Each structure stands twice: as C-alpha cells, then as structure tokens.
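A single chain, nothing else alongside it, follows as structure tokens in the form predicted alone.
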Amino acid sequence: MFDDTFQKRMKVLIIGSGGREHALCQTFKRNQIVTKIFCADGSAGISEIAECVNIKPDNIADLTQFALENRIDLTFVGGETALALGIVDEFEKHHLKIIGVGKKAARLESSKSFAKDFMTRHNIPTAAYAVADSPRQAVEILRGGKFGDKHSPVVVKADGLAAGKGVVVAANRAEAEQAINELENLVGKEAVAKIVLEECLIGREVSLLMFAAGENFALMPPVRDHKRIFEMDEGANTGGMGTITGANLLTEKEISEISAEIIEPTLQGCREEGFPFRGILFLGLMMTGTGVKLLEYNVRFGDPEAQAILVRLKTDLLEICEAMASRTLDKINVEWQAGSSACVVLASKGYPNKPVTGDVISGLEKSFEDVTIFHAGTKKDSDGKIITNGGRVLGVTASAKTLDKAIEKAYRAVGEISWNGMQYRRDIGK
C-alpha cells in the first residue's frame, strides 16, 4: 500500500464541513494507520472523530501552510470550490500528496459551457444546448425558437458553481424567461457570467461515480438523488434532500453503454487536452428512449451521494487513494457491500432560501443498527449542546440487503430526531 514511512502513522486532512466530509472522515477512520484526522473546517459531528481546523475551504494559502507545518501525509478534497480555485495544483507545487483534480480538469464542473463544449468535441451524447453571454441574449435565443415553441420545456443553467441550485427545469418559455431573469439573485453574479440553455430530456435520471486515474477507473454503486425540497419532486432545487443506491438503478448493459460512450471518451479527452483526470468523476445521466445522455459532470463526491455510497465501501479508502496517486488503480479490486443504502437529509426551516439556525437537536444520543448519522450543518453551543448551523443539517443513512429495508431503517431513525422546524422528504427512494 503506502511506502514504509506511512506504515505505522498517517495524518489525513479532509477539506470541507458537510455530511460528505463527515462520511470521508468516518471512512478513513476505519484504517488503523490513520492516527490523526484533521478537517477544515468541520462540524460538531466531525469534531467527535477529527480535529476541526478553523480554515475555510477557499483559503488555499492557509490550507497549504497548515499541511506543510503539520506534515500532512494525505489530503482529500471534499467539495468543488477548493478544486476550482486550484488547491491541487498548489499542494503539488509543494510536493504534498492530495486527492482531487487540478484547476484545468475542475472546469468540467466549474463551467457548464466548457463542459458542454468538451462533450461536443469528444462526441459524448448530451442534450442540445446554446450558450448566452447575458440574460438578454438568453431570452433572444429562446424566442428564436431553438428550443421549440412557447409551450416547450427548456432547462436553464448558471454557467458557474451554484451549490446545486443553478439549474431550473422550466415547463415553458415564460417560466424559462423568468428563471433567466431571477438566476443572478439566486446564485450570484459570478455564476451567471454565462447562461446555458438545454433541451429538456425525458427519461430516468441516475448518477454514476467512480475513482479515476488517467485511463483507469473503478465504478461506485449507481446512485439516485432527490434534488427538490418537497415530496413528488415539487418546490425549489436544493443541494440534495436524499439519495439511494441499489443494483436495480442501472443494468449491466446500461453500465457497459455508459462506459463505452461516456466514461472512456471523457478520460481520453482529458488526456488529449492536457489535464489527465485523477480524482472522483461524477456523471449525471439521463437514460432516454434513444440511449444514455450526459447531463453534467461533477469532479468530486456528491453530497449526500457520498453518505449513501461510502457506507457500502469494503475496500480500504486509503489503499484506493494510494492507487489513484500512484496511477495503479487498475492493480486493485475495489469492492462494495452487497445490497442497498438510503440517505434522508434533515433540513432547517426555511431551507433552501433562508434557513433558520441555532435550534437544539434532540435524539442524537440514540443508536440504530446499520444506521449512521452524518453531520452537515451543526455546531456546539456554549453548553455543549448540538445545534443547527446550516440549511442541510443531518444525513440519516442506512444500509440493508434490500432498498425497502434500508429506507425503513433510515426513516425509523429519522423519527427519533427533532428540532424546531425540522423538514425532510418522506418519499426518498419511493
């Protein structure tokens, strides 16, 4: 696995503070070689298993200095912001071992227009699209009829990073124009320097993640996210209100099609364009009547996808990271627990617009078989009580032999947790 200097003691740094980072900390903690975990900047739950460091994920200079001063052996980047800012490039300048993609590869997520053009260059099946340099131009493109008449649905996307909230599936042209005009207030001016318009695809949506290094990759279990705030996929888009994994989400034939038509051309395209991909590749897919189409790339674990996926990982994550870093991913067999998993996100009142924080959470002291509670937006108050500190607060995650059983276990645990105004979807996996 790691060389002899790492056989007895190893210090790991996780970048981020959400449920995804809590899941990463828990997964690294399984390995006895990992004697110290730091997390920048962490949460109340993370503080139980790692030392939280008061450095924000976008402070690349201070994170680099911290890693150097504390002789961090391995850093794992949780979220997209640090990757887009070039944390991997900076760490590698200082010969610090880090898992994640460089700034060039991060454009596959940080710029939807770059990603769509990349797909076109490499013949990767995706929805028809157009890129506008302003809201006014976007409206002109719509009225020009490229995406059908005024009754046709169309997808409106902010070009830049928007924490999962920059996509609007409009039922008609009027809704699309409204979305275009409101997008800046929703996600910020920088994210809408360009606007991407797409045809609205019809089909079954699913995500497929993988560990990737150069031309090699190891698939994770297929996963499905529930993005909207309310049941029946109603209400505003969020960062994710729950996820499920299970063997029935994709067939072997579909996985072979995705590998041949999307994964292999993507990794080859990255190599050809001078940024070989090494990190977590996340494919948002639509299984249509005419075959698979790629909706979008992410270049890191999703949140809450990470929670539902990592509880099923059998192979040591440290071993996988070393294989990725040394480009020997094809030499190991990444194994997963059979069955399914489900993650139900518990959110604060007012999320996703103006979440209310500071409420005391009850029920966390209880334990349930095959259930893990991952903390996202939590902190401890002056009395040591755990309180809400964000929009998405907890990810209640269960695994079982069947999806129905995993869902049942997750919701049984959810029933024991409460705080003022707690909200969650009751149809995750349904």
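Heads up: residue numbers just count along the shown sequence, starting at 1. Everything numeric in this text was worked out from a predicted model, so none of it was measured.
One more form of this protein should be noted, the form predicted together with a small molecule, which is absent from this view; the next part is about it.
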Only one of 201 to 209, 245 to 253, 353 to 361, 273 to 281 has heavy atoms within 4.5 Å of the small molecule in the predicted complex; I'd like to know which. 201 to 209
Please identify the residue among L267, L161, V196, L295 with any heavy atom within 4.5 Å of the small molecule in the predicted complex. L295
Could you work out which of A132, V167, L186, A323 is the residue within 4.5 angstroms of the small molecule in the predicted complex, going by heavy atoms? V167
Is every one of K112, A127 and M286 within 4.5 Å of the small molecule in the predicted complex, counting heavy atoms? yes
Evaluate K227 for contact with the small molecule in the predicted complex, applying a 4.5 angstroms cut-off between non-hydrogen atoms, and reply yes or no. yes
If we define contact as a non-hydrogen atom of the residue within 4.5 angstroms of the partner, is I332 a contact of the small molecule in the predicted complex? no
How about V155 - does it come within 4.5 Å of the small molecule in the predicted complex, if we only consider non-hydrogen atoms? yes
